[in-house]
Structure formats: structure tokens, C-alpha cells
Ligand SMILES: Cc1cc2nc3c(=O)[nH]c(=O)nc-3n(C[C@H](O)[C@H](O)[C@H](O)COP(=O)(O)OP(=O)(O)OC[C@H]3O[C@@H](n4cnc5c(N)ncnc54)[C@H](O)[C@@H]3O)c2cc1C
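First comes one chain, alone, set out as C-alpha cells in the form predicted on its own.
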């Protein structure tokens, strides 16, 4: 804040984000000998989607034949946009990293033979261990310290600056390398643990010229009790769904029916009557205790009493899109800038289908480890003090300082509500069609063009303004990419193009802040690639 003396740090590596990917990146960079600072919008150990609940993991024993079959099946399911080599890398890294987690004291459940079952982690215990491991490795942790913008110079990324919610002071970290581990963008849809995920890492990186990939695969809505925020919907597989006339939805829990009825403005109810014994109910409660909290608070027994359902949009969190990676160390096209977790594209391991669940958790461990190590090696190779770099802030929308009497202020709440009106409705984002998406993108473009106003000089206003700008940017990238992929593949559909097109077996790379650019990128080993400029098609 103006008038308040800021604090400055110098590091080899700055990690932005305190979920599992950020924690692994910070630990990994420190293990390489780098001086590391981690800045988190919340509190490392409790913020983000993983900390409140349990998470499954991709764990396959190092049996080559078994793994090869599973990987080939995954590549096929991905719409042939994933790469076998990257899936194998994730499987290998997770297997190794979970041995570390166990050595740090995580109490994995053991089977009847005493063998640890390392395919599941409870979020609170897991993240508590990760915070302890990072701190023990020497990482300096800045809690409640959201980053507002990156620093840059002629060599690339050079740190970041932000503000502390604890004392209102600005902080600046000058570093040779930055790892973006800020998670995806859930557009403030109130999913449990997801309301800190608003896309600033994507915007900050794009302001430095970084590219994104997979942004069209962002059509995931999670079922949730209408009175709750828990979006871990797997336990609803034990439920029967009914319409408001009491008719069972076709196929027992048919999710397509859920989307259709809610889109039509009708109500849908569920009751978890497939858990028909006390033993089953007890197992479900023990496996995912947080799922039942909203029901207990509302005084509802979900096993016997119907409850209303809703859908919460999950944006890029359970989608696929994020910062494009150029090398195995999760580097981006900007020198010194790395990406990990949901802030990075997961196309290399999930292709066109959701990166949620076990893939997200495993990707966070793997990409965090690789990005941290890569950033450390890059930073330590620079051979000089990062504090000597003549870095300058790179922020654009939502960063203009407010001056008394200045005309035009940035109305963050108006921007947020405007973006939500475009990305939440099933009729725009789930049941996608060319004319509807084009109209929505035009409204988002108009929203973006009005974001040049100044930001009031308070901590909350500055943070909220960047969240609003990031949400608008993410929505524009999503719909630009969706219009560029004129087919139906994985999570992406267009009503006018209901089939997958073999000639579009490529990735779509998105870049730009004001003017958005698209270009196709071949998938390594892909037999069919159509390379042409798509931007004009998209914008007309």
C-alpha cells in the first residue's frame, strides 16, 4: 500500500502458490541447493483444492507390461492428445515421491499383508507434511501474500511483487527463476477449496508472453448438494437421482440427465440408497468424511432422505488447460518461467479429457518436482545475484494505481459478475455451439476493453482486481480455443461438429492479452496434423 514501507527479498527461485504442486516445487528447488521463497495467497498447508479432502493417486507397480497396457488405454481415451512418454514419467515420479512421503511420516493404510496402500492421501495430513518438508529444506514461506504481478527484464522472468494480507505491506521478491503453481481458475463458483483459484498465475505469465494450451477442454461441472460446497462427487455414485416429479433418472444417476434437467430450470434430487447396509455407510463416511459435513450440518441423512443437487463450474481446475510446457523440466516459452500443477497444461498426460482426481494429484507431485528442480538449475547457472537485475513490474489489467480525483476506477465486482454470467450457464458453456460462443466472446471482449480504470489503494481491492482481470482473461482464452476447435473431442463439444475430426488431432496454442492468437501444434508422433492459421476463423 502506498505510504507503507515494503519488504524485499532476493532468491534463486520464487514459487508462487502453496498447494501440493507449489510445495513440491519449493522442496525440489531447495534440494538442488537453491535459495527459495514461496508466496501463497492463503496458508501453505490449508489453501487450495487438495487440503480439505482426500485425493487418489496414480500408482502402478513398476511392471512394464501392466503399465504399457494402462498407458496405451489412457492415450486412446485422451483423444490421442496425450503422450505415452509423459504418462510413464508421471507414474515413475509418483512411485518414487510417495516413498519419500512415507519416509516423512505419512501413515498409509496397509492391506491384510501389511503392504502400504499408497494410492490415496488425506489432504490435511499430506499438506501438513509438505509444509514441514519445505520449511525443513530451508524454504522461506510467505503466507497470506498474494502475488499481483511478475517482474521482468531483458532476460525474462525476474521475480514478482505482491501484498501481504497480514500487515498490508507490499513485498518484492527478485529471483532468477519463477515457478507458477497457482492452480487453475474456478471462477469463484464456491467449490470447496477452489475459491482461491482465480487464474492470476495464467494472467501474470501471459503478460510476459507465455503461451497456453488445452484451454478448450474446460467444460466440467461438478455435482454438489445445493446447500453445500463439496464437489467431490464420486460418492454420488452410491445415489439414485430423481426429477421433481419423483421419477428416477434414466440409468441410475445419469449425469447427462442431471445437466439437462438443471439446464431446463428443473430440480433434481438424490438419495444415497445404494449404500444399503450400515457397514457400507460406515465405510463411505470413513473414506471421505468431509463429503458428509454439509448434510450433517443441515440435519439430513443422505442415505435415507432426498436432497437437492446443483452443479458447480470447475473451469480449468478439473479441465486440462494451462500454461504450455516446452521441456521435460516444465519450462515455458519465457526464460526463467516454469509452471506446475493445474497452472500448467495437462494435455501431455490427459489429452482432451478431464485432468481431475488421481491425474491432478499425481500431476501436482510430478510437475512440481520437475519444475522446482529445473528452475533451480536454471537459476544457479546464472552466476550472479538476482538482486542486481534491473527488473520492472509487468502487470496490465487491474494494476493501475488509484489517484485521488482520477476518472474511471476498476470495478472488480462488476467484472467478476460479468464473467460469471458467461461461463456458468450450461446453455453457453456446457451445451456449446458456434453462434452462442461467439456472442459470449464478444461480450467478454467488451468487458475486457473496459478494464483500464484505476484500482483503489486497499489490499482487498488490489487483490480482487487482479482476480477479476484473470477470470476475464481465462474466459476469453477458453472460448477462443473452443471456437478454434471445430469438432467434438473429449471434454470439448460443438453442436455443429458432433464428431471428432482426425485432421484436428493437434493441440491449440493460445497467447495474447488484448488480441488473442491461436495456432495449432503437432502432438509428437501424431499421424495426422492439419497446420494452418486459425485465428481468422475464430474471430469471424
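The structure presented is a predicted model; accordingly, all values stated were derived computationally and were not measured. Residue numbers count along the first chain shown, from 1.
Omitted here: the form predicted in complex with the ligand. The next part is about that form.
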*Taking the pose of the ligand in the model of the complex and superimposing the surrounding C-alphas onto this chain, would you call the site open or blocked (blocked if 3 or more ligand atoms come within 2.4 Å of backbone or C-beta atoms)?*
blocked
_Tell me which stretch of 102 to 110, 340 to 348, 81 to 89, 208 to 216 has a heavy atom within 4.5 angstroms of the ligand in the model of the complex._
340 to 348
*asked:* If we define contact as a non-hydrogen atom of the residue within 4.5 angstroms of the partner, is residue 424 a contact of the ligand in the model of the complex?
replied: no
*State yes or no: in the model of the complex, is some non-hydrogen atom of residue 139 no more than 4.5 angstroms from a non-hydrogen atom of the ligand?*
no
*Taking heavy atoms only, is residue 49 within 4.5 angstroms of the ligand in the model of the complex?*
yes
*Taking heavy atoms and a 4.5 Å cut-off, does residue 54 contact the ligand in the model of the complex?*
yes
*So which of 134, 317, 469, 175 reaches within 4.5 angstroms of the ligand in the model of the complex, heavy atom to heavy atom?*
317
_Partner-contacting position among 324, 118, 432, 232 - heavy atom within 4.5 Å of the ligand in the model of the complex_ = 232
*So, 20, 41 and 357: all three within 4.5 Å of the ligand in the model of the complex by heavy atoms, or not?*
yes
*May I ask you to list the residues of 186 to 202 that have any heavy atom within 4.5 angstroms of the ligand in the model of the complex, in sequence order?*
194, 196, 197, 200
